[in-house]
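Given as structure tokens, the chain that follows is alone and in the form predicted on its own.
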């Protein structure tokens, strides 16, 4: 069995973006792509990550590589393999880079196991990556590949999608763990400048924020009838969707139909007219699903109507996140302890991952139907669900941490200065439920802001600039 598995991505027509980005931005992208193809000279761009499903990194790669394929640039995506211990170690690294200390220190034995696992992956990858190729390694899971692939003659960019705005002893320990593996990298890419540790040469650090795809099944326009039918089909609303009503448009423009069912923990279900407060994220303690539940139970539900939906992927479907099942279990225990009148208004929803675009359509329907979208993270690399919610014209309440700060400009949403202040969280959510005119105005401003700053053409142009520099430096 191969350790490093290829991921096939279908091309996505760049021309479809024109109605969103305008002809001037489209022309700029096409011109840059033509110039870049000439520079490539037979090279291949390799993206190497730890999973092809679940989370924003995998979703963005599906989208960006689709556009790259349409632009005629040779690009491949490989997913590495690790055992359970490897992913426990890399999850600990993830948490420590965010400044979280609860899961124990990293040890020499951890480093030895991390090195062994990536050496096995590198043995396969170095048979495929050729001298002069460009390799983008994604996140701590892949950092140990930088040395072997650089030795094979590739140019290496390490892309870290996570980080903290300030350094602590905990973050320093994580960077000390990773630093020996990263000395061979030619470039470092972060979502925010603040995330880069001080030992990285400033000239090698680039800032490339993530982006959404407005034409993906998750973000494409979805009418109210289809959204309601999808929510009936997956079990959020009572009743059965009529045959064919739970439809959506796939990324390639083809017709899709939601046939899957969510796993829902609930004693009661909302009606289509009920206000919904929705958080969509991984079952990750940094997303603070427990805090969202407490804030809703203590400061939103007692003051008026509305339901809370905590939504995440099926816990067995995200292979590189061993904490998912434990976090979901904690949420389930907390839900069981809620007073019955509050428990009746809280739903825990796990979405199947069997068909990624069907999963995306489920998220689309949930976000479009939300009265308020929240992302009350304790720490966040970027928080792509914020941009996705804003793109749908919904008011978003997010913590003032990490990349969420960069997405919510004044008047386009609400930033919470302290994620732990549940009363402020609840008061803000309650206000937006009770004042739909204010919520609508915020939502309209939010969509325009995302269209201007966080769509895929801007993302690709930033990558083109970085990779062109690596080629020119060869």
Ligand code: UDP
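Keep in mind that this is a model prediction, so the values were computed, not measured. Residue numbers count along the first chain shown, from 1.
Below, we turn to the form predicted in complex with uridine-5'-diphosphate, even though it does not appear here.
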Next on the checklist: Against uridine-5'-diphosphate in the model of the complex, would residue 385 count as a contact residue? Criterion: heavy atoms within 4.5 Å.
Outcome noted: yes
Checklist entry - Would residue 282 count as touching uridine-5'-diphosphate in the model of the complex under a 4.5 Å heavy atom rule? => result yes
Checklist entry - Heavy atom to heavy atom, is residue 313 within 4.5 Å of uridine-5'-diphosphate in the model of the complex? => result yes
Checklist entry - Should residue 121 be counted as a contact of uridine-5'-diphosphate in the model of the complex, where contact means heavy atoms within 4.5 Å? => result no
Checklist entry - Want to guess which of 171-179, 133-141, 328-336, 376-384 is within 4.5 Å of uridine-5'-diphosphate in the model of the complex, heavy atoms only? => result 376-384
Checklist outcome for this item: Heavy atom within 4.5 Å of uridine-5'-diphosphate in the model of the complex, from candidates 155, 92, 394, 287, belongs to 287
Next on the checklist: Using a 4.5 Å heavy atom cut-off, which residue among 258, 351, 236, 80 comes into contact with uridine-5'-diphosphate in the model of the complex?
Outcome noted: 351
